[in-house]
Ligand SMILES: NC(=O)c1ccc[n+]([C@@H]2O[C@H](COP(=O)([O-])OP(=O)(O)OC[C@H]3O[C@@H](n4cnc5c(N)ncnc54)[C@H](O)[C@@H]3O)[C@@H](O)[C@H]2O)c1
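Next up: just one chain, as structure tokens, the form predicted alone.
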């Protein structure tokens, strides 16, 4: 088992990340629960059937899926806390993927002005992204994560054994954020990932650890996304718009699938804008296209969606783009013509 401590500025409390196997049954040994009056475990209808934390706790199971990352789900959690007569010493334990981590953490952050949260992510994507960094959020008015807060957990327990229950599609989707970490921060790490996405248990554990280290370092330098943390948004301006639109379909894209598509488009924007050289562009483009299937992109509707992106300032559309393999640059204003050119290329 590895234990990472999130290094943070003095104004933000540190918290541990435990990475290993068979950790789900060791929670009381890893986290001191003695000071809590009650525990509420929040999961979705899938994870509640798969995993038993064996804690003395109340439970609530939410509907699964991105369409339920909304105020209705938040209200369900708040009502459950109220019914429990929860006080400020109540601990909320999130057991699930990114939707549960984000939605439940948001509910906890606003109940009595903030309850402690323990993250137990059950998907690869949540283990390297949603559970780390203290962002909470729900979708609103058709925009991804438009409403949210910053709320650090008291800890994150990453049990790699939980990933054995993941369908292949969910597993591959999780690599979107992992690959992004290499693209924006660590060229050598990206090269490791290019060889294969089939890893042994021990290799996968090391990959999760490295991605957690990268995200933790970036978050520590900028906890509330005022500057450098914005590099983590590579692929997300276009990707979130694609994902939001796909929710209108009977079988919407997974978050990671939309981010893969977003990275393909934003990689091209980086190249068209003159930031990224052709060699790096082609390496990245060729690799990403091996993973995700192309889809028809609605250029006009995507442009409308990104107007509401959280990274925009004073009406300007701001992107995080690539300057080289392993190096990203944020707050890049991009001319609409370049965005359209990059989007239309994917439809040809």
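Residue numbers count along the first chain shown, from 1. Here the structure is a predicted model, which is why all the values come from computation and not from measurement.
In what follows, reference is made to the form predicted in complex with this ligand, a form of this protein that is not presented.
Within 4.5 Å of this ligand in the predicted complex, all of 189, 196 and 211 (non-hydrogen atom):
Result no, not one residue of the spot touches this ligand.
Within 4.5 Å, heavy atoms only: does residue 97 come near this ligand in the predicted complex?
Residue-level check for residue 97: yes, a contact with this ligand.
Applying a 4.5 Å heavy atom distance criterion, does residue 280 contact this ligand in the predicted complex?
Judged by the heavy-atom cut-off of 4.5 Å, residue 280 is well away from this ligand in the predicted complex.
Give a yes or no for residue 116: in the predicted complex, does one of its heavy atoms lie within 4.5 Å of a heavy atom belonging to this ligand?
Because no heavy atom of residue 116 falls inside 4.5 Å of this ligand in the predicted complex, the answer is no.
Since only the chain is shown here, I'm wondering whether residue 51 would be in contact with this ligand in the predicted complex (any heavy atom pair within 4.5 Å).
Judged by the heavy-atom cut-off of 4.5 Å, residue 51 is in contact with this ligand in the predicted complex.
So which of 280 to 288, 59 to 67, 30 to 38, 297 to 305 is the stretch with heavy atoms within 4.5 Å of this ligand in the predicted complex?
Heavy atoms within 4.5 Å of this ligand in the predicted complex occur in 59 to 67.
Looking at 72, 224, 246, 165, which is the one with a non-hydrogen atom within 4.5 Å of this ligand in the predicted complex?
Of 72, 224, 246, 165, the residue with a heavy atom within 4.5 Å of this ligand in the predicted complex is 165.
To verify the annotation, which of these, 237, 123, 104, 270, has a non-hydrogen atom within 4.5 Å of this ligand in the predicted complex?
Looking at 237, 123, 104, 270 one by one, just 123 meets the 4.5 Å heavy-atom criterion.
For the heavy atom contacts within 4.5 Å of this ligand in the predicted complex, list the residues of 38 to 55 involved, in sequence order.
Heavy-atom contacts to this ligand in the predicted complex: 44, 46, 47, 50, 51.
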